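Only one chain comes next, encoded as structure tokens, the form predicted on its own.
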């Protein structure tokens, strides 16, 4: 649905300062992307959006906020740190060399930097929300790890929104050159009623290894729409973990392209939907080269009137012989009014592959509850233990250590609140 004339004026007013910043090629691209969004409008009747409606977002009067305050969670592990408030860069604490980690808008102003040429090559305008992000993002994040570099400590990007009615568009560009290694955690938190729209592009060079975590802890009234695009070269490794633990409506689109022979990817996720919240994950993994491997495992838990969606597609392209792909979606309902829709899919255009997929939606296994109770554990505690064990499987791809301990603590805290809701 096309955007009405008065709504166009509102978006132009909100994004005027962002759209006029940067080199001429970037400004031109921003204006073209905004026109693309105006033509397409918000997604509505498309098959990919059949379970998720953005009607509430279309009716909101949103504005571009002023810079906000950072909000760091308790016991954040040691590492490199960038903080953003309402889309504006606030602080930077890192020992990495100058130019490796910083603001994306600054990097794009210097088109001779290696990362600049990658911007926008994965996140096209096929999605109206990505087009809007391309038009209106402000300062952004860029990480460029040179060949053979190893960043031992995790890189934390903390993005906070603290203003009602705010519309914040966020952008990240992550490039690992051949043989590089890094771990990146993007944490989205906030307070109030706002819309966060984000897009991340990831390039993993030959034999490079990236662990990437997206942790969503948005406020209870927030809307979060996010898109992740990644391309992997020969013998590279990408581990992605998506944890959706907050927000009123969360939609995450994840697209991985295993473009180099021998590339491997792990895509894990866990989402919690309580109250009347809605969480939707759409994933697409493409095997475009031979001898590639992917493992996808999502866990969903819903309580109250919460609703979750998992729509996962694995595509094996012609010529991607010896591809090995496995996909799993397992989901728990903690209350009779909760709902989860799971739709795993395979498209295979090669004849020498190993692929499997499956999905389950149900309640806790009563035989497992009985087993724990027979050993002296109370019913409430037994159900909580099984629910926690079920969810924590999602963190298995993160290497054991301080980071995984911290992520499991965040997940544990959110689960405790959800399990309590499920008992009411």
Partner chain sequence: MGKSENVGIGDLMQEEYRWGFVTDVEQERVPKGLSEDVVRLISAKKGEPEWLLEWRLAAYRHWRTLSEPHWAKVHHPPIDYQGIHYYAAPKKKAGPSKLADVDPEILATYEKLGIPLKEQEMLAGVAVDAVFDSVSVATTYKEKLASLGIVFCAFSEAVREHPELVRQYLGSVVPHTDNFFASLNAAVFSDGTFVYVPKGVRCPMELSTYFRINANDTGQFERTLIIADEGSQVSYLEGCSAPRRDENQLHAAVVELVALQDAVIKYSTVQNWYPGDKEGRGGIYNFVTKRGDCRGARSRISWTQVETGSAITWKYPSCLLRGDDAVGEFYSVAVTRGRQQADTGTKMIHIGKNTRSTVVSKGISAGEGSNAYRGLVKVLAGADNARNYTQCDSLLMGSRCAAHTFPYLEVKNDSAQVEHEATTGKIGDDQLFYLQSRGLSAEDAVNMIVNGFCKEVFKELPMEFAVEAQKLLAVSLEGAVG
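Residue numbers count along the first chain shown, from 1. Because the structure is a prediction, the values reported are computed rather than measured.
We do not show the form predicted in complex with its partner chain, though everything after this point is about it.
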item: In the model of the complex, segment of 203-211, 114-122, 333-341, 258-266 with a heavy atom within 4.5 Å of its partner chain; value: 333-341
item: 4.5 Å heavy atom contact, residue 346 and its partner chain in the model of the complex; value: yes
item: Partner contact for residue 47 in the model of the complex: its partner chain, 4.5 angstroms, heavy atom; value: yes
item: Any non-hydrogen atom of residue 91 within 4.5 angstroms of its partner chain in the model of the complex; value: no
item: Proximity of residue 363 to its partner chain in the model of the complex, heavy atoms at 4.5 Å; value: yes
item: Partner-contacting position among 221, 106, 350, 72 - heavy atom within 4.5 Å of its partner chain in the model of the complex; value: 350
